[in-house]
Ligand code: NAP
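A single chain, nothing else alongside it, follows as structure tokens in the form predicted alone.
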């Protein structure tokens, strides 16, 4: 594409950002959809976060993604925060308005769209969430808001799990039950949708799973791992070995980016374009 005086700029702020796949998503989308737009990663030190947001607005930057460790820290510098992002307590997409940037969370809608794409439903399901960090908290809100029958939040620290359960239950009723990881045998004996939200199994420590006991995986009909490197995690292998279906987090990465792109540009991205970019992402991940 030709970069000229009408080219709009979007980007990613975080620390680190060097290994992000977001430029591949957004620059490919811009090319396919004929938008005069370029997307770049911007490493930002914590002490410069407020300046970065104000500077981006002053430079007429159309929109920004936000990654770790600033998804919550950026919120005080925004003029408006979407309801879902406010509930989750994390923002990953900034959309320019006349006064400043509005904050959105496209991670959870991205996960939901990925699950829909894979034919996995949340409504009416009994769900196990592994972990109680920021990602697990967001997933708990998503599952509660999308009609999960019940949610079991399993974590090494019961205190942290209790905190997340209390926050979600305050808005959605008594949907979430916090449990210690090693008490999984006390779960009601039926088949679950399990969502793996910890960093255990992330490359290069690909041979680890947060629960190794094969008895746990016999309870899972579908496993979703938010990790996408490696392509097949130990968690996924154990789910499949026990006869369940398993998916990684690459589609979530794809769709959170697509939703951000749609917000910035006021467009709808086709599933055909999404599929083409997913193939590019798979190729990139497989060789990195």
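Residue numbers count along the first chain shown, from 1. None of these values were measured; they are calculated from a predicted model.
FYI, the form predicted together with this ligand isn't displayed, but the following is about it.
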Worksheet item: With the partner left out of view, is residue 168 within 4.5 angstroms of this ligand in the predicted complex by any non-hydrogen atom?
Response: no
Practice prompt. Would you check, heavy atoms only and a 4.5 Å threshold, whether residue 157 touches this ligand in the predicted complex?
Written response: yes
Worksheet item: Could you tell me if residue 258 has a non-hydrogen atom within 4.5 Å of this ligand in the predicted complex?
Response: no
Worksheet item: Taking 4.5 angstroms as the cut-off for heavy atoms, does residue 246 touch this ligand in the predicted complex?
Response: no
Worksheet, complete the sentence: Per contact check vs this ligand in the predicted complex (non-hydrogen atom within 4.5 angstroms), the hit among 94-102, 119-127, 170-178, 132-140 is 132-140
Worksheet item: Given that this ligand is left out here, which of 78, 114, 84, 210 has a heavy atom within 4.5 Å of it in the predicted complex?
Response: 210
Worksheet entry | Residue (of 56, 253, 236, 220) lying close to this ligand in the predicted complex, criterion heavy atoms within 4.5 Å | 253
Worksheet item: Do heavy atoms from each of 197, 200 and 228 fall within 4.5 Å of this ligand in the predicted complex?
Response: yes
